[in-house]
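Read the single chain below, which is given as structure tokens and is the form predicted alone.
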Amino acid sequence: MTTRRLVLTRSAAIVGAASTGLLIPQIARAQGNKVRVGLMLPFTGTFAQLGVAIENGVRMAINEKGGKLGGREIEWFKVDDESEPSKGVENASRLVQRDKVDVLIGTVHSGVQMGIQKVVRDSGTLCIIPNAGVHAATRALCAPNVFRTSFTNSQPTLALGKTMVDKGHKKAVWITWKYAAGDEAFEGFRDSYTKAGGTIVKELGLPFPNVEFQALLTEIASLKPDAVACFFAGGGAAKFIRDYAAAGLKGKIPLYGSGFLTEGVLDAAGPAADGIITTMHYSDALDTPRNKQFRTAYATQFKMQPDVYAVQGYDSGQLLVQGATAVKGDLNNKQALYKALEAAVIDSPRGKWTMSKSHNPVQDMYLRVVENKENKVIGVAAKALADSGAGCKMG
């Protein structure tokens, strides 16, 4: 990370150059040497491991192609966004205005992404979103310079409704945390489930990140739906899964969810997770040569197993490499760069995917069931699924 002292020294050099009339050539030359890549990710706090996995994936994809972007060396700039929305604008501005990055890769937390979105829309800096699923980023606040390599919050659940109705579950209860990601995940479930002929008998919610599920589980038991669908993630998801089983609902009322319900929590959830069915754009157990090759290479390099976040980071790196190669390293050739990114076909461990008109992945959603601490793939819930991009006007 650039220290304050280095920044001051650089500023002094620029002021000195200005007095000799060398300012413009010096700055132009500095920009011409290396591509400046900014990583704005959580490296501390709840989502720290996600930030690490994404960075690992980005670097791995670029290193596989020789460690350069369009023939140019890379200078990296890192900011820990701490998953703190109130610092989003300030942190993104540091990378864009102080460090003059050519591309900003970030972030995980949707609230922080809204801050990044403001800064990159105002500045025109290329931004690649490696996780945050907030709808606005590729809907109402979409922009020609913003591309997402992950998902929208409603994409996984958009593949869930038909699956449940096909299994004979005509009446369902929905339960989630009441915050943006939960609300947006509900949109996908509501639209797909009602379209397939299902009826949502009750929506249940509790404030994020509250994990006192008991009263709501009692209510589910009394409602006796055919199935329950939900959106939870992380430690809260593991507790929900355990509490669901402890309340006597496991085995009686099938549990379904957005894939994040069972991502990275199966050790903590234990046997209570067995039988849960989820829809997701990736599974560790995806039985393809591409995924096996990726998983082996990642584990060898980083001495840890990759997850969906590592895959999204990897695909962010792949996308950037394709774009930079197309413009021979000239990231200032924005029209050609955006055209290349829009036309990219990403050969991902999750399966090949393309960009939608609103710059969000058009991708397969897999049907997965938990068996013995593994998300086993049992089919494709939806082929080439696109987010609606509603309200997106490029310009």
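A quick note: this is a predicted structure, and the numbers were derived from the prediction, not measured. Position 1 is the first residue in the sequence shown; the rest follow in order. Rigid core: the largest C-alpha set superposing within 1.5 Å between the two forms.
Another form exists, predicted in complex with a small molecule; not displayed. Remarks below refer to it.
Q: Given that the partner is absent here, state which listed stretch (193-201, 88-96, 124-132, 164-172) has heavy atoms within 4.5 Å of the small molecule in the predicted bound form.
A: Selected range: 124-132.
Q: Please identify the residue among F151, F147, F189, Y282 with any heavy atom within 4.5 Å of the small molecule in the predicted bound form.
A: That would be F151.
Q: Find the only residue in L160, V108, L255, A137 having a heavy atom within 4.5 Å of the small molecule in the predicted bound form.
A: It is V108 that has a heavy atom within 4.5 Å of the partner.
Q: Counting only non-hydrogen atoms and a 4.5 angstroms cut-off, does Y179 reach the small molecule in the predicted bound form?
A: Y179 belongs to the contact set for the small molecule.
Q: Are any of the heavy atoms in F260 no more than 4.5 Å from a heavy atom of the small molecule in the predicted bound form?
A: F260 belongs to the contact set for the small molecule.
Q: Going by a heavy atom distance of 4.5 Å, is A233 a contact of the small molecule in the predicted bound form?
A: Close contact exists here: in the predicted bound form, A233 approaches the small molecule to within 4.5 Å, heavy atoms only.
Q: Quick check on L50: any heavy atom within 4.5 Å of the small molecule in the predicted bound form?
A: Output for L50 is yes: heavy atoms within 4.5 Å of the small molecule.
Q: I want to check Y309: does it shift between this form and the one not shown by 2 Å or more at the Cα, with the core superposed?
A: It does not reach a 2 Å shift.
Q: Once both forms sit on the same rigid core, is the C-alpha displacement of F231 at or above 2 Å between this form and the one not shown?
A: Where the cores coincide, F231 still shows a C-alpha shift between this form and the one not shown that is 2 Å or more.
Q: Superpose on the rigid core, then tell me if the C-alpha of I116 is displaced by 2 angstroms or more between this form and the one not shown.
A: No, the C-alpha moves less than 2 Å.
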